[in-house]
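Before any questions on binding or motion, here is one chain by itself as structure tokens, the form predicted on its own.
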């Protein structure tokens, strides 16, 4: 059991480090400024009633009048250690759960690929 847990932890840590390195490599020289800009854009999309509208179903951050249909968006790094799975969940949640009532934002083209990436970056900070 300990061996399995150790392998899982090592693999998760390695994957997180690799994803972090790839994310930083995709930003300009001022990665911190670029990352905060992406996060701010993601927050704007997620609370925009005409775009992401995450607050319609989820309690999150400092959002006002949140819904309670979906789970609260807290501890997202712990819930989704693999950021790609979080992105896939936003893109089309019916792949994992065909009975999901969450909108497939990517499949239905509610959000662009860039907007989905921005929302993922923001939600991952929660």
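Residue numbers count along the first chain shown, from 1. A quick note: this is a predicted structure, and the numbers were derived from the prediction, not measured.
FYI, the form predicted in complex with heme C (HEC) isn't displayed, but the following is about it.
Chemist: So, residue 100 and heme C (HEC): in the predicted complex, are they within 4.5 Å at any heavy atom pair?
Modeler: Contact check for residue 100: yes, within 4.5 Å of heme C (HEC) in the predicted complex.
Chemist: So in the predicted complex, does residue 41 come within 4.5 Å of heme C (HEC), heavy atom to heavy atom?
Modeler: No, no contact at 4.5 Å.
Chemist: With a 4.5 Å heavy atom cut-off, would you call residue 70 a contact of heme C (HEC) in the predicted complex?
Modeler: Yes - in the predicted complex, heavy atoms of residue 70 and heme C (HEC) come within 4.5 Å of each other.
Chemist: Does residue 58 reach heme C (HEC) in the predicted complex if we count a contact as any heavy atom within 4.5 Å?
Modeler: Although heme C (HEC) is absent here, residue 58 would touch it in the predicted complex, with heavy atoms inside 4.5 Å.
Chemist: Go through 75 to 94 residue by residue and record those having a heavy atom within 4.5 Å of heme C (HEC) in the predicted complex; state none if no residue qualifies.
Modeler: The stretch 75 to 94, when checked against heme C (HEC) in the predicted complex, contributes 76, 79, 80, 86, 89, 90, 93 at the 4.5 Å heavy-atom cut-off.
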